[in-house]
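In structure tokens, the next block holds one chain alone, the form predicted alone.
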Amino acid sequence: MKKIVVITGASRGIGAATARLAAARGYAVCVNYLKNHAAARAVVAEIEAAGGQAIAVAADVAEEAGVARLFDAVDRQLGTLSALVNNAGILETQMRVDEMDAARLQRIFAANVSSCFLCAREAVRRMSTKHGGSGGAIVNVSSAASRLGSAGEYVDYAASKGAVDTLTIGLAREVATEGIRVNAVRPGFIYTDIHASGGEPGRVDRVKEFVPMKRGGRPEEVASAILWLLSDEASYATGTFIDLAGGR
């Protein structure tokens, strides 16, 4: 039976790299995206050109209706879900906590935390043996920021990723006897477009000297860790984290 994976926020960066690698490993891939249809279609086209199977589904996973639409599309177009990668997330312009307003916090926590809970809920309903499923795996994309705090830049983003860490541990224990493993990766300073959202596209090059390995990471390096956690090679790993931050 073909394995099916949903990857949220998969039109760029870590999500796109994960989609390509998952397809190369035999998964049928749902490339979820919010607005950039052209980028999502480009990922799908690349997968199909290599002989894989993929669909692109536009859905705002910060909203319950969007999540329902996403998983319904997967049910109809691909089949029975076997894996979820909660990758979608945002950050906003660098600022201190004493400059943040409630609207910003609500946007960050909806996109980075609520989305993971809602997508995990739908995945569990489909994969859990308690619900008649045959098991599966979830990988949450957290961040080294959850450990480091991102003072003076993105404490709200860091806090949202701390919540993702807690979700990972709690859900892993909740569904451990239902055939589902739940793990997380915590990338550090990775070369992706997300840094431009914070107002500093070259942030990785600025901070890489503070990384023991003296370099930023590549999305493909994170994707490899995600695919390992999804695989049977990680069959005894649940509630665990892989830190991908060059030693930071």
Ligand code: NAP
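Keep in mind it's a predicted model, so treat the numbers as computed, not measured. In case it trips you up, residue 1 is the first one in the sequence shown, and so on.
FYI, the form predicted together with this ligand isn't displayed, but the following is about it.
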Worksheet item: Looking in the model of the complex, any heavy atom of L34 within 4.5 Å of this ligand?
Response: yes
- Any chance V74 has a heavy atom within 4.5 Å of this ligand in the model of the complex? no
Is I55 close enough to touch this ligand in the model of the complex, meaning at least one heavy atom pair within 4.5 Å?
no
- Message: Just checking whether I194 would be counted as a contact of this ligand in the model of the complex - the rule being heavy atoms within 4.5 angstroms.
- Response: yes
Answer key, this ligand contact in the model of the complex at 4.5 Å (heavy atoms) among A88, V139, V175, A123: the residue is A88
With the partner omitted here, the residue among C30, A59, I180, A184 that in the model of the complex has a heavy atom within 4.5 Å of this ligand is A59
Within 4.5 Å of this ligand in the model of the complex, heavy atom basis, the matching stretch of 75 to 83, 125 to 133, 167 to 175, 89 to 97 is 89 to 97
Restricting to 133 to 163, the residues within 4.5 Å of this ligand in the model of the complex through any heavy atom are V141, S142, S143, Y157, K161
